[in-house]
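To begin, one chain is listed below as structure tokens, in the form predicted alone.
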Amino acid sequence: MISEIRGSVFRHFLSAAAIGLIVISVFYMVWLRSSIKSLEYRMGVLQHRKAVLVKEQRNLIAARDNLLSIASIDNVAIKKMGFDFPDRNKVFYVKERI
């Protein structure tokens, strides 16, 4: 009689534990899917940000190349600094002594 009562209590405990485990696993699966969706969203935002930064980097490289071009340097030297090409008749060369 006592063993039947103990067996019944044990079965109720096991069934309650099984139901609790199933409920916990369902909530865990929902939380896991939510976390994965959140990570995917963050990855999308970061990929968009990376694309914008790569585009900005390309524009900056193009601007740097434009500023460092020979035509731009000549333009700045002639117009802003007043430099001019020397007259070929006034140019003389100094030989280096060894």
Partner chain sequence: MGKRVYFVFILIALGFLAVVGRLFDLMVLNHDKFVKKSANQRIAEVDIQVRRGMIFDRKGRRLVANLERGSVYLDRANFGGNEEKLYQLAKMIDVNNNELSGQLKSNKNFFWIKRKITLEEIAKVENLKIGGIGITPEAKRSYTLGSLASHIIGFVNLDNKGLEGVEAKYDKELTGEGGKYAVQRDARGNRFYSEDDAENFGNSIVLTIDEGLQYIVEKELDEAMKKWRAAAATVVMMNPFTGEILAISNRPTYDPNNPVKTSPASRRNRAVTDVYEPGSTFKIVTASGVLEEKLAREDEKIDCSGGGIEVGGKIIKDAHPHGVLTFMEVIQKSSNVGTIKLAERLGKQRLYKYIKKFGFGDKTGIDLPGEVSGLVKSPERWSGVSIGAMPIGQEVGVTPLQIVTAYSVIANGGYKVHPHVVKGSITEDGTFSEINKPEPGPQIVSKRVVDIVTRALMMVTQEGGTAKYAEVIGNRVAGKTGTAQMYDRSIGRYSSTDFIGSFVGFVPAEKPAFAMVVVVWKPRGEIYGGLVAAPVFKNIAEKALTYLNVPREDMIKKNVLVVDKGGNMAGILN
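Residue numbers count along the first chain shown, from 1. Here the rigid core means the biggest group of C-alpha atoms that line up within 1.5 Å when the two forms are laid on top of each other. In this text, all values refer to a predicted model and were calculated from it rather than measured experimentally.
What comes next is about the form predicted together with the partner chain, which does not appear here.
For a residue to qualify, one of its non-hydrogen atoms must sit within 4.5 Å of the partner chain in the predicted complex; all three of I61, I70 and Y93 qualify.
Taking non-hydrogen atoms only, K80 never approaches the partner chain to within 4.5 angstroms in the predicted complex. Shown alone here, M43 lies within 4.5 Å of the partner chain in the predicted complex, counting heavy atoms only. In the predicted complex, the partner chain stays beyond 4.5 Å of every heavy atom belonging to R49. When contacts are judged by a 4.5 Å heavy atom cut-off, N66 counts as touching the partner chain in the predicted complex. Comparing the forms between this form and the one not shown on their rigid core, the Cα displacement of V76 reaches 2 Å or more.
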